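A single chain, nothing else alongside it, follows as structure tokens in the form predicted on its own.
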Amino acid sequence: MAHLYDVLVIGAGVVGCSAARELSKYQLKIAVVEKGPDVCMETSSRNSAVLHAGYNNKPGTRMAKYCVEGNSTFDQIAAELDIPYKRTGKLVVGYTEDDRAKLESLKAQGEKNGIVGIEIVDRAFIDEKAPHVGGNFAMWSPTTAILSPFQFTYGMAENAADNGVEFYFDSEVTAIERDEEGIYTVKTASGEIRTRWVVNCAGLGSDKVSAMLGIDEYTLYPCRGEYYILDKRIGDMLPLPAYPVPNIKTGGLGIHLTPTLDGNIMVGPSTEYIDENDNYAATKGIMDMLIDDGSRIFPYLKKEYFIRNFAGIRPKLNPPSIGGFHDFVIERRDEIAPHAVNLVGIESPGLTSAVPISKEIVRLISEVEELKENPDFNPIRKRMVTFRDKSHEEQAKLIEENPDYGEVICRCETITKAEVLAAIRGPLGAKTMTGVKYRCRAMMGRCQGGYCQTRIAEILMEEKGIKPEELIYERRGSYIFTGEVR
């Protein structure tokens, strides 16, 4: 950490990793610091995994502009970084005339934002697209897509690393100082880093980092959203995301149902302001509400199909008394913090907006100093080879080339030892159980790791030289083993 960097990005979520990749297109020495042990640890891994169209956001806002741009340009990014996604379209369903009026208003707003193809459709259209979804009519959004937020974030991070960006994990920022020569010293839990520029992409902690830069006017209000995940047995019944008419007052899009690329269905999220920005509890009252509200749109939410619940937290700038959406803060405040780009309150549609946001970061820096293009920048990243989606002939060839493809570690998802090892050994390889899980889908099936978790733990400890008492599931303190058993 003794080096002097040109740019230090704080936070390794999807926006931070996207910023790092975009900056690596220029002749800059770049580093990323992350308080957790891996990329994609918080909001970027705990969301609905939807590439939004951009009709929910107020015209003229950064949210609206970047969401529409991020959606329309995603095909190129997905091709460069080998990110799986599918343009399914989306139905926002209504039942009453009041709902119809709100959908007409939503459609008009989307058209002002530059979206093409959205329309109000009847029950016959719903039956054609998703016959198991409720509603008397709907707004149809053809450009909406589902994607892997994990692969999106890992793709950005791995490509940035391949282009020379250095990553420091377990390095929570504790203080920021700037000397007379204009050099920042960023103090972290693992040491100090000196840099000419600071880019605050700290997500749920961005208000605190902003205050460290001297910009102390922001307070984030953590808003928890809980989800259910349904078994693949009914995955075919929901081919596209189905949403209710959004509740603008609460700042949520309502309890919706979203298919995943891998055949599951997610139900949620709820909208609940909480006091802590790291409380991911799943609560019985909220989970019961998800079933009741979700059943209105999709009346097949039987408990026998539920395989897991989880929660995500949105970094909202509007307090509970106001609710709704506050626009993204993306700024350069030279009078307070020269050579710093400050991002606060990047909530939904932050995932969709990540690439346009990263381009805005570069633009703000380029207003101050000339940036020279990096002639060696390589935009291409390939994700690991997957076994389960190959033909029998292709699988046989993989096994012949590498016998580890012949050993299935996760039976539910048909994840092989070769894939688990690739998750651990690859660029910015996994050091935690969820790091393996998010990279290759092991432990994401119906048994949720009941069969494979101990086997993955054994492989991870052997590969990383980790003692049993040092192995963590996801975050600091989430130890897998706390003592010996017989």
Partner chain sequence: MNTIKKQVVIIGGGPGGLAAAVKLKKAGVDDILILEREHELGGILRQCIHDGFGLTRFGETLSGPEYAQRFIDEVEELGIAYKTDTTVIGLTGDKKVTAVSRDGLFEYQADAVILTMGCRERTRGALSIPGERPAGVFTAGVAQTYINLKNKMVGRKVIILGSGDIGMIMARRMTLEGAKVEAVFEIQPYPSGLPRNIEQCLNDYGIPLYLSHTVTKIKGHHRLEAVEVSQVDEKLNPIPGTEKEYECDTLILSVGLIPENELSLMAGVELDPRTKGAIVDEFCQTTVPGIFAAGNVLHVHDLVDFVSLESEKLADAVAKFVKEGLPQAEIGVETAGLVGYTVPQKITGDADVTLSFRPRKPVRDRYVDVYQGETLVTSKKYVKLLPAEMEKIKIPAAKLVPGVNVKVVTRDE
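Note that this is a predicted model, so its numbers are computed, not measured. Positions refer to the first chain, counted from 1.
One more form of this protein exists, namely the form predicted together with the partner chain; it is left out here, but the text below deals with it.
Y184 falls outside the set of residues with a heavy atom inside 4.5 Å of the partner chain in the predicted complex. For the chain shown alone, M287 is a contact residue for the partner chain in the predicted complex, at least one non-hydrogen atom being within 4.5 angstroms. Though the partner is left out of this view, R425 does not reach within 4.5 Å of the partner chain in the predicted complex, counting heavy atoms only. In the predicted complex, no heavy atom of N56 sits within 4.5 Å of the partner chain. Using a 4.5 Å cut-off to the partner chain in the predicted complex, each of D278, Q395 and S478 places a heavy atom inside that distance.
Interface residue among T260, N309, N163, Q109 relative to the partner chain in the predicted complex, by the heavy atom within 4.5 Å criterion: N309. Of the candidates R333, R194, R411, R87, R411 is the one whose heavy atoms come within 4.5 Å of the partner chain in the predicted complex; the others do not. The stretch among 33 to 41, 448 to 456, 47 to 55, 65 to 73 whose residues place heavy atoms within 4.5 Å of the partner chain in the predicted complex is 448 to 456. Along 222 to 242, residues Y228, R233 each place a heavy atom within 4.5 Å of the partner chain in the predicted complex.
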